[in-house]
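We begin with a single chain expressed as structure tokens, specifically the form predicted on its own.
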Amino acid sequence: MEISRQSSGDLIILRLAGRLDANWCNHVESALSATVRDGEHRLHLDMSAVSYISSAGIRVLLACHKQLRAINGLFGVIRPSEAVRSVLELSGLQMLIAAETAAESSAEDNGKKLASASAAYELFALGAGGMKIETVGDPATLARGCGGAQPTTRRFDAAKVALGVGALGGSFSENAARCGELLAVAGVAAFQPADGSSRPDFMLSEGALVPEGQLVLGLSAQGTFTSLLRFEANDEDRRIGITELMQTALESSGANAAVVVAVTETAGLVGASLRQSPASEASASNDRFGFPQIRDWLSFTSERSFRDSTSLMVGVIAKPGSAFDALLRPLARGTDLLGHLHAAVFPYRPLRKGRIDLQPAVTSLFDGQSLQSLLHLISDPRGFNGAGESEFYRGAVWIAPIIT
């Protein structure tokens, strides 16, 4: 099987030559996936030189068609050989056969164009508003436990954004040993249990059902997002670091502090997660996170992890001097930007371009029990030996200035 590629405007054409059977379908699938990961969402497959297609090959075509249709992209077979046309028609899949030419996608509701050395941006105004923020708990909880305090059960409805240390469901007495990294947005809440469970758990709002749980330590906000920032790394760098992305987001907010939510096609994440719940017991020591005992309390990514994944990121970013500085940390060495950011990780799926709505973009990620991990994002500035910072290919960032 030979695979060649050419472009025509915003349309990519992959030409196949040979047999699309079980022996070659994985190669074709990889070529299609790589093209979509490059941000190309309008594909034609020239199959004029394909002499045979099996059911394995048909499944590859259907999977790409379904994936691109879900994000308003385009996929079709052009110039099918007689053998290919016959199989597709007999299978009832004539809809995969496309006209040889396709009009270029029209630009709908274009936002304000911005650019940096690493990426191109498009900023959409969503309206007036902003968010009020609440700090929850005492940072000393991490070192000493809750000291007998009983956090109240909270409802994480569609208007709430939250992140920190917590757990879902039940009472605090039931959840004390489970509390780990937690995030909530758009009526979805997820957390990484710190009781030895290998899988993160989550709950979605369904009808009258609203996720509930305890936020032991963290930040909770309520209000409306005022802007949407689309971004894509440029062809030379191919990825953008989290520090630059968050700096651009904060500048776009026009404020000194902002709540951010992002859905990203992710190059790699650098983060940490709790091995034990800091709320499970009281401690007379303030040195849980000193060396070497920190190994018992935290797991770190030794390098960028979850390469080529999709991430849901929830956070608060600010310039120094906010009322919640105690719950923020510098995003990187040499910058005055502070942040507290969590990321939920999913298998890769492309993100629709242009203006998109937050709630469907978030809830669709949780289809199919696909949540893989939940991390507190950090940076590792140790030069050659360090993991660096989280990096992204492209995505969408919803921004709300924090109202005092």
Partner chain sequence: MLALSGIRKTFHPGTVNEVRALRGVDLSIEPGSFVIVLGMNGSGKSTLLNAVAGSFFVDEGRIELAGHDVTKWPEHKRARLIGRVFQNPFSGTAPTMSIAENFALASRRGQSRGLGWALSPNLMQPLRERIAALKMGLEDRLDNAIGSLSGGQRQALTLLMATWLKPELLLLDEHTAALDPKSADQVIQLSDEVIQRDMLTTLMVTHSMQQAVSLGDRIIMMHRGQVLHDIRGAEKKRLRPEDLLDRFDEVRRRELLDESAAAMLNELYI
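Numbering follows the first chain given and starts at 1. Small disclaimer: the values here were computed from a predicted structure and weren't measured.
There is another form of the same protein, the form predicted together with the partner chain; it is not shown, and what comes next is about it.
Only one segment in the set 239-247, 119-127, 323-331, 85-93 has any non-hydrogen atom within 4.5 angstroms of the partner chain in the model of the complex, and it is 323-331. Leu142 is the sole member of Leu142, Leu168, Val210, Ala98 with a non-hydrogen atom lying within 4.5 angstroms of the partner chain in the model of the complex.
Contact with the partner chain in the model of the complex, defined as a heavy atom within 4.5 Å, holds for exactly one of Leu32, Leu365, Ile378, Ala344, namely Ile378. Taking the partner from elsewhere, Ser198 is found to have a heavy atom lying within 4.5 Å of the partner chain in the model of the complex. Contact annotation for Lys112: none of its heavy atoms lies within 4.5 Å of the partner chain in the model of the complex. Contact annotation for Ala149: none of its heavy atoms lies within 4.5 Å of the partner chain in the model of the complex. Put simply, Leu298 is close to the partner chain in the model of the complex: some heavy atom of it is within 4.5 Å.
Remark: all three candidate residues (Arg275, Ser305 and His340) come within 4.5 Å of the partner chain in the model of the complex, counting heavy atoms only.
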